[in-house]
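Below you'll find only one chain, the form predicted on its own, shown as structure tokens.
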């Protein structure tokens, strides 16, 4: 495995505005997914599985839950004397103490960290991505193509959030980049916002972009220099998703109910690790009925759960019915309550006989610590 690569991870992005209630109290990186994981788990696991252990995480806001989750990186074998995780506040090296306005400003603020690292290559990645990626394969493809930058892409339908849509030539080099936020039913090659390049090149681009007052890495650094850079499009053929609105969050969670999709995400190129907790097994009581659902540890179920995902410590009382829904940690669904196409955040209580229903394209979201 290659150990000549470091990484910088962006814990927040513009997606948080469209994730509404789910990111009021947390950053995108710590958003729960699939019963017991957080999005940062996929990023960190992919890097560690590829022997990338020098990892800087740039925060922006609401990052206390992220700090609590990753701690010192022990669950990913990153609590090391050399390398390991470094977490940066959003205004590091910023004289005015203002929060950075884009990736270029954020990276310029940690240039000392980047240049002082011993590795020659760097991976830049967002943290709202669910995928199982082998960076060793990406690196080998990058070297073979003699590229300046390798951009990891996937095939998907664009939604209403910002997407970098690319067109490649016969050698998989990017010949056109379109930055759009228009929904389409046509499948396109879309950037996962993950880039591999030489550290020296990144430093030059960031210094130049910062001096020119640029902020957006994709628009100002990549798109405007497409004729000068050899950008290789590495197509990831396994499961991958960008989670940047409520519909994509709900839809991708529901896809995890398919065992083939779930196995591709969690075992394709290596295991996905998360923070370990000492939880008791789930109790399925006499009147419980569970079908096609993912149930985490520590739940107490005495009602009906179908086509749903329950996180740790959820209580489903007698007569309660949960269908096509996501219930996060320590949720309580009281007697005879009914949920359908609903997302309840952590510590939500649905009171007795309450009925809540959304649609598969527009699920109801109930914010953290609420009682309904």
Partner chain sequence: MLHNNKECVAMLLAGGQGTRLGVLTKDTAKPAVPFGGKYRIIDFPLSNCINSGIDTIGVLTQYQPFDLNQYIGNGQPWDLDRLNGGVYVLPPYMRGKSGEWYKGTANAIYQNIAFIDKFMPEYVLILSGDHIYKMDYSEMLAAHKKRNADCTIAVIDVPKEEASRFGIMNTNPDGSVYEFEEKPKKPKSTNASMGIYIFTWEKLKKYLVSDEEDKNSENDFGKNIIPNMLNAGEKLFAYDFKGYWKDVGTISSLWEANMDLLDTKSGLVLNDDKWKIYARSTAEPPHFTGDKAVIKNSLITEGCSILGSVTNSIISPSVVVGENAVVEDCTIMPGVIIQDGAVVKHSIIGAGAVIGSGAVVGETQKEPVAGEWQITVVGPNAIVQPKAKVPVNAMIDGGELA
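Numbering follows the first chain given and starts at 1. Everything numeric here is computed off the predicted structure, so don't read it as measured data.
We do not show the form predicted together with its partner chain, though everything after this point is about it.
For a residue to qualify, one of its non-hydrogen atoms must sit within 4.5 Å of its partner chain in the predicted bound form; none of 102, 105 and 125 qualifies. This chain lacks the partner; the member of 288, 248, 132, 191 within 4.5 angstroms of its partner chain in the predicted bound form by a non-hydrogen atom is 288. Residue 293 is the only one of 253, 162, 293, 172 with a heavy atom lying within 4.5 Å of its partner chain in the predicted bound form. Heavy atoms of residue 264 never reach within 4.5 Å of its partner chain in the predicted bound form, leaving it off the interface. In the predicted bound form, none of the heavy atoms of residue 322 sits within 4.5 Å of a heavy atom of its partner chain. Using a 4.5 angstroms threshold between heavy atoms, residue 281 counts as touching its partner chain in the predicted bound form. Among residues of the shown chain, residue 257 is one whose heavy atoms approach its partner chain to within 4.5 Å in the predicted bound form. Stretch 271 to 279 is the answer when you ask which of 146 to 154, 232 to 240, 271 to 279, 175 to 183 has residues with heavy atoms within 4.5 Å of its partner chain in the predicted bound form. Residue 312 is the only member of 303 to 321 with a non-hydrogen atom no more than 4.5 angstroms from its partner chain in the predicted bound form.
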